[in-house]
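This document opens with one chain alone, in structure tokens, the form predicted on its own.
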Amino acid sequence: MATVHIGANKGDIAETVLLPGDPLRAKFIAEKFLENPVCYNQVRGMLGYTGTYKGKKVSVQGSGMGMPSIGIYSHELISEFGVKNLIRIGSCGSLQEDVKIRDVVLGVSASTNSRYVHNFELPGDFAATASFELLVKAKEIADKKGIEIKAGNILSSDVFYDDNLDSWKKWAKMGVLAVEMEAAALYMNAARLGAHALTLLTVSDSLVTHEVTTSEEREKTFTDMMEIALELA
């Protein structure tokens, strides 16, 4: 049954869902990689598709920007549509000199400056962590494809335009690889609701070197992480 944000019926969505933030990236993935893709969601322009990849049913759902947005979509996908595996595919900013533009980053865990975790009323801190099963499988797929992976802690930030221009350097000193805006909420929801989650990122810009990619490149050329994610289905 459709929810407030996802206009689909039971069975329309696969047990494995790729979650790009940009709905146009969801459209691109569906049209480029999936066989017989069907659009099941257009609510708020947040496109969602289901098709097959190498004979396996897989869905791709736009999830928007920020933890509140991916928090909504991931919660509804798990609790209302029975999704078991949620794989965020997105862009990130590098915080380390050896994490280069277009490198693929695996988010083993997600630090955050968000208060999203307070929703769960825990008696302490919570370490938002990826599914070990998906993490290991993703690394194996990348190795077979000859794709170099940078794996480690990432930062999920509530702030894109930070008033403190040097705050990222403190995270970098702790070995955090890159910054994005969604993974921590995804990992928390998956933990709470009993699903598996993983974040795959492609470096779109570097806070160290100030290199950047274009929005078109981010939408259409970050195919290494897309193919790894699809193989996880």
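Numbers for residues come from their place in the sequence shown, where the first is 1. Quantities reported herein were computed from a predicted structural model and do not represent experimental measurements.
Absent from the display: the form predicted together with a small molecule. The rest refers to it.
With a 4.5 Å cutoff on heavy atoms, T50 does not count as touching the small molecule in the predicted bound form; it lies far away. Contact annotation: F160 falls within 4.5 Å of the small molecule in the predicted bound form, judged by heavy atom distances. The shortest heavy atom separation between C92 and the small molecule in the predicted bound form is within 4.5 Å. The closest non-hydrogen atom of L177 lies beyond 4.5 Å of the small molecule in the predicted bound form. The partner is not drawn, yet in the predicted bound form one stretch among 199-207, 169-177, 38-46, 66-74 has residues with heavy atoms inside 4.5 Å of the small molecule: 199-207.
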